[in-house]
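The form predicted on its own is given below as one chain in structure tokens.
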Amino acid sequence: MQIHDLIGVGFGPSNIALAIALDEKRHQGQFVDALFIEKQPGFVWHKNMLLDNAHMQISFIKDLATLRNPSSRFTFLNYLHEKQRLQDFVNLKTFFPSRHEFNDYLGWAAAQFEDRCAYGEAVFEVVPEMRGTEVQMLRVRSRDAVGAVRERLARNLVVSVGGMPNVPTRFQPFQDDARVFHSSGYLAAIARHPKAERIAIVGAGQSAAEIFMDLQSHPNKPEVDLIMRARSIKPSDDSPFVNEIFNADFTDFVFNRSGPERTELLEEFWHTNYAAPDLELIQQIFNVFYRQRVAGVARHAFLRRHEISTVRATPDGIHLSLHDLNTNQRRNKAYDAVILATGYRRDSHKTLLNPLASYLGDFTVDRNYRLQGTPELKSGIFLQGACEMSHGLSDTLLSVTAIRSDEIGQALLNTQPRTTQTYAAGRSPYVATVL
């Protein structure tokens, strides 16, 4: 069985950026035998939120490589150059490409590493490979589309599985009901309800706002209620001084604070990343409701300061008991579909690594995103996108992806003994044997 220096779980933007960083280190004479395992059959990024009019909330300069190496061939600008669209993009006079275009950029980058990624396999477990009392390696177990289990050995692991849909407690008993679904599955799910006339969107963030605008122009012209506990939709603060919290060097500042200070920072800047749509999008929503007032037709409703107290499913709809916190009145409404734009959880790595839990303590990470294990754990386990509490709000965003990938790559090279037998045999250090 081939032993890889590194196995990466997931091949989304974070691990693509890591593959790029390792590739560029390879050209500098530093080799890491890396294999990535991705559960999807091919690359796609948030495929069910690729709405026609959606654009990035982050500058294209914060791509997979630019902030680490502006001369990299994997920058967004080089992607535009190779696609022969660079001059036309310049004429758009924007830093914020469409989400469709950025997805195409990510797919273009991922395609250059297809020989280093095993697609269509879901990693479900990582178990210790013991040598005496020490965990010398990790056995990574994955399952393909037909249920076949594969095992691979790695000296190090990088877990980059993204967020899992956050389903509020009241809706958890209805996760098998096709009429209740998370925003992460929006396009596929709404296509199964082409005749839905009454739709509820629960949430106050960018996804909720984008879905509302998509549905209000839907050919079926459904009635859409936007339900949230907040008093209003608050715009994201992208002013220059506030945006400094997403700079790579701010990661050091956050990491070096005490626990209470980190919590205070996260609370202070929470609305820069959560429940904070673009101002332009908020203005569009306001315009929709204003036009309704002009026309005297209340097709949609903005139910602010409303809590959902109970949920009930019947053949004629999903019934929500709504409590108006402003008036203290209660009422029931039935919907043909309920969309949960309620964010994501970032703790699924703990389930994946559960067989190693006795070596990982409280899952604390060091500055280079490596889990701090017991002395018996010799393998390095790194997390991408699950370190917000220790590294700051930028951790789940593209803002630090390029820099973080370099930090993890360098940590691997600094701590991992190099092996040469694969290279001496004349094989590429990146050729990954699928076992």
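What you see is a predicted model; the values in this text were computed from it and never measured. Residue numbers here begin at 1 and follow the sequence given.
Beyond what is shown, the protein has a form predicted together with a small molecule; the following relates to that form.
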Please name which of the stretches 339 to 347, 353 to 361, 194 to 202, 281 to 289 has residues with heavy atoms lying within 4.5 Å of the small molecule in the model of the complex.
339 to 347
At 4.5 angstroms, heavy atoms only, are Val9, Gly162 and Thr396 all close to the small molecule in the model of the complex?
yes
Here the chain is shown alone; which of His306, Arg99, Arg155, Arg152 has a heavy atom within 4.5 Å of the small molecule in the model of the complex?
Arg99
In the model of the complex, the residue from Lys39, His391, Arg68, Arg370 that sits within 4.5 Å of the small molecule by heavy atoms:
Lys39
Partner proximity in the model of the complex: Ile61 to the small molecule, non-hydrogen atom cutoff 4.5 Å:
no
With a cut-off of 4.5 Å between heavy atoms, is Leu322 one of the residues that contacts the small molecule in the model of the complex?
no
Do Gln57 and the small molecule come within 4.5 Å of each other in the model of the complex, heavy atoms counted?
yes
Taking any heavy atom pair closer than or equal to 4.5 Å as contact, tell me whether Glu121 reaches the small molecule in the model of the complex.
yes
